[in-house]
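One chain is shown next in structure tokens, namely the form predicted alone.
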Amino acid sequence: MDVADAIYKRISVRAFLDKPVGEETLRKLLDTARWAPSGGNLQPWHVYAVSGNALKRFKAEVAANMQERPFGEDSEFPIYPEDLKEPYRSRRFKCGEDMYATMDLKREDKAGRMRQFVKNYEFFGAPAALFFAIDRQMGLGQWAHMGMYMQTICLAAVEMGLGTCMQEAWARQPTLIRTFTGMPEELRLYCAMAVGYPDPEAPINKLRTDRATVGETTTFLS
């Protein structure tokens, strides 16, 4: 598989097979991704990899916590800007509507959409999860470098036959995650990533979100 194939095949997987992903597989995945670029070679990312019985325990804690706090806590940073302007607002709206359409969840079906939202906190059935954090000293540049590292993980996962889903929804569970993982206060949680084998029959995994054309996002000077 070449890099272009991996880029085209990578999607946000939201339905996984009941097939384990153990520590050895996660180590191989992360050992490949650690060669991602970062300014000054700071490598500012910190990862907590959870699978097997540990993930089962964590999911049980999440389920119990959601009885009182179904939407979690306030995140330490805004996941999206307030008053999101165009064209970003329309892109986000269409992404959501296209996703719900794969499950025939109409806009008025609030209960159905809530059930799908809750699947975020089950990692969509994935057998492994990664939590990403960064030192609070780091600035915007280092956050970008962590993003490059995460993208590298996603592409390496495709080559290994795995699927991933980056989940910013977990930014709303900082206390729970910090307590479970032992994450020190000097680190700020960013998000999680579900990791597993995609269910090829799940309609939601057939969704390929739109992308703006190069002409819409690029100014060429020559």
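Since we're looking at a predicted model, the values are computed, not measured. A residue's number is simply how far along the shown sequence it sits, counting from 1.
Note that the form predicted in complex with a small molecule isn't included here; everything after this is about it.
Taking non-hydrogen atoms only, Tyr190 approaches the small molecule to within 4.5 angstroms in the model of the complex. Contact between Asp31 and the small molecule in the model of the complex is not found at the 4.5 Å heavy atom cutoff.
Taking non-hydrogen atoms only, Cys165 approaches the small molecule to within 4.5 angstroms in the model of the complex. The small molecule is not drawn, but in the model of the complex it has no heavy atom within 4.5 Å of Phe131.
Between the options Thr152, Thr102, Asn120, Ser75, the residue in contact with the small molecule in the model of the complex by a heavy atom within 4.5 angstroms is Asn120.
Of the listed positions (Cys95, Ala144, Leu84, Met114), a single one reaches within 4.5 angstroms of the small molecule by any non-hydrogen atom in the model of the complex, namely Cys95.
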